[in-house]
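Before any questions on binding or motion, here is one chain by itself as C-alpha cells, the form predicted on its own.
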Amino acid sequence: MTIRSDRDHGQRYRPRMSCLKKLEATVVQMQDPSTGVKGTDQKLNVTVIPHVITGQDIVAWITKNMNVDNDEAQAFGTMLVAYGYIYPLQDHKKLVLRPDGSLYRFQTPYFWPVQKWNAEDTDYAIYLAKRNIRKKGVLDAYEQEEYNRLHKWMNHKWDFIVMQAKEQYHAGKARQKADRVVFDCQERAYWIVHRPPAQTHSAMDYGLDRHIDPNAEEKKTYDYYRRIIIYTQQAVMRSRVKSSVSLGALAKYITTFKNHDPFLVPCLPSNPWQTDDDSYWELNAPDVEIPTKMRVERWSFSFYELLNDPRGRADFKIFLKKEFSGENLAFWEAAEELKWGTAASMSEKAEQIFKTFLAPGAPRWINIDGRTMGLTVKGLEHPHRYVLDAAQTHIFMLMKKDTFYRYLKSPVYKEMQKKAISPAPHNFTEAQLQENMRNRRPSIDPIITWQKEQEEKAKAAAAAGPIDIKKLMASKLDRK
C-alpha cells in the first residue's frame, strides 16, 4: 500500500476532524498497559493472534471510564468500529460492536482516519489484486465486482498494479505467520471501512470538499480585529427574547403541528412506504379537487402555510378574485418567478412585471407606498433576482395582516372546510400487504408533472392578461 504526498482537500479540511481526534485520544487511553482494556493471545483457526480483546471487555471499559450505561457504551464502541479504530477478527463485514465474547483488535495508527491520506482507486486495485493472488481467484461477490470494474477502467496500467501486488505478496510471505495474519486483517478492515460492500452505510462519507481549513488559526491582523469588533457590535445591537417567551413559542408551535407530523401521528389513510398503497399521495396531490380536512386545517396556521400549498393558494386566488384584489398575489408570484427563474429571461420578466403591475396606468397596478415604488422602479433599470424584494415584502405583509384573516372568515374557506374529506384509516392484512406489493405501479414522470404545471401557469397568465373587447365580440358574433 502506498501513501500519496499530494495535499488532501477532503479529510484534512473537514470539521469532524476534531471529533476524530477525540476518538483517537480515547483509543490511546484504551490501549494503556495499566488502565486500558486488557488484551490476551487468542487462537484464531490455527494461528495465535496477540493482543486480542473481546466486545464485552470494551463495553465494560467504556461504561466504567465514561460513566454511561451499557446501551450508550455499545453505541460508542460501534462508532469506534465504524471509523476503523477497532476491527473485528471473526465477522469482518459487520462493523458493529457485539457486547459478548466476539474477538476484536485495535487498528494500527497507520490506518487511522486522522492520517488524512486518500483511499485511491489505484491502492484499492493493488489490494484486490494481491487478495486475488492469495485467494487464487476466489473473492467475495462485491470484491469480484470491484475487481472487474477497476480492471476495465485501469486496463492501461494493470501490469503495474499486478507487479505491485506481487511484490507486496512476496514481502508478506517473508513475515512470520502471526504477523502476516495480523497485517492482512488490518488491511482488510481498512478497506471495509473506506470501500464498504454495496448497500452498506460508510461512516467515512462526507459532503463537498473544502479548500480552506476551518480549524486553522487565523493571523491576528488589523482586519481580523476589525471584523471581530463589527461582529460584536452587531451582536450587542441584536434584539433579545426572554427564554420563557421563546420556550412558550416553541411549545405553541409543537402543539399546533403535532397532529400534522407523520413521525408522531400515523398518516391517513395509511403510510404508502409501508403499505404500498398510494391513496395518501393521491389525496394530497398538488392539484387535487377536494383536499383533506388536515390539509385545509393547516392553511389556517399561517399565511406561509397557505401560500406554500398549491391547492391552498388556488383557493386563496378564488377569494381574491371575489375581493377584486387578485393583483397582489399575482405580483407576489411574479416576483418569486423572477427570483428563482433563469438568468436569461430575467430582463424580459422584469420588463413584463413593470408594465403589468408598476407602470402608471398598468392593467393590474398594485398599491404600495411611494418610497418603495421609487426604489423598485429605479432598481428595474438594472434588474437582478432580488430587485423586487422590498415591494414583494410590502405586498406579503399587506396580505398577511389583512387579506389572510378575512379569507379565514370568508364563505370560500368555510365552504372548503365543509367539502374537505377525512379518510378512514386502512387496516390491511398480511395477505393484502403482499398483494399491494405485487401490484406496485410506477409514479408519474417528473417531466410530465412539470409540463402540466407549465400549462396551468400559461392558462393562468392568459386569463389574467388584458382582454381585447373587439376580439371577444367578434368571436361571439362568429359563433352566432
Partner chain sequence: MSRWRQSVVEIQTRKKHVNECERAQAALSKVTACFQQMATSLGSNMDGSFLREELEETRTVAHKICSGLHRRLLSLLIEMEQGQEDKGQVERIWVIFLSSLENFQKDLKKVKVLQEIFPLTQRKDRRALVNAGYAGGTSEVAARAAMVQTPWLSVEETASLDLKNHIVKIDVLLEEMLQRVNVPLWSVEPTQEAWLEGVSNQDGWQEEDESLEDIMEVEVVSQNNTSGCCNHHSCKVGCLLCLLS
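Numbering follows the first chain given and starts at 1. For the two forms, the rigid core is made up of the largest set of C-alpha atoms that agree within 1.5 Å on superposition. A quick note: this is a predicted structure, and the numbers were derived from the prediction, not measured.
The discussion below concerns the form predicted together with its partner chain, not included here.
Heavy atom to heavy atom, is Leu264 within 4.5 Å of its partner chain in the model of the complex? No, no contact at 4.5 Å.
Taking its partner chain as it sits in the model of the complex, is Glu430 near enough to touch it, meaning that at least one heavy atom pair lies within 4.5 angstroms? Contact check for Glu430: yes, within 4.5 Å of its partner chain in the model of the complex.
At 4.5 Å between heavy atoms, is Ala314 in contact with its partner chain in the model of the complex? No.
Do Ala174 and its partner chain come within 4.5 Å of each other in the model of the complex, heavy atoms counted? Flag for Ala174 set to yes.
Heavy atom within 4.5 Å of its partner chain in the model of the complex: which of His382, Arg406, His170, Lys355 fits that? Just give me the one. Checking each option against its partner chain in the model of the complex, the one that comes within 4.5 Å is His170.
Heavy atom within 4.5 Å of its partner chain in the model of the complex: which of Gln31, Asn436, Thr63, Thr54 fits that? Just give me the one. For this set of options, the contacting one is Gln31.
Within 4.5 Å of its partner chain in the model of the complex, all of Gln42, Asp123 and Asn132 (non-hydrogen atom): All of them do, each having a heavy atom within 4.5 Å of the partner.
Name the stretch, out of 396 to 404, 287 to 295, 150 to 158, 228 to 236, where some heavy atom lies within 4.5 Å of its partner chain in the model of the complex. Every other range fails; the passing one is 150 to 158.
Pull the contact list for 54 to 79: residues with a heavy atom within 4.5 Å of its partner chain in the model of the complex, in sequence order. Residues within 4.5 Å: Gln74, Ala75, Thr78, Met79.
With both forms fit on the core, has Glu381 moved 2 Å or more by CA between the shown form and the other one? Result for Glu381: no, shift under 2 Å.
Rigid core superposed: Met416 CA moves 2 Å or more between the shown form and the other one: The answer is no; the displacement is under 2 Å.
Does the C-alpha of Thr275 move 2 Å or more between the shown form and the other one once the rigid core is lined up? No, because once the rigid core is superposed, the C-alpha of Thr275 moves less than 2 Å between the shown form and the other one.
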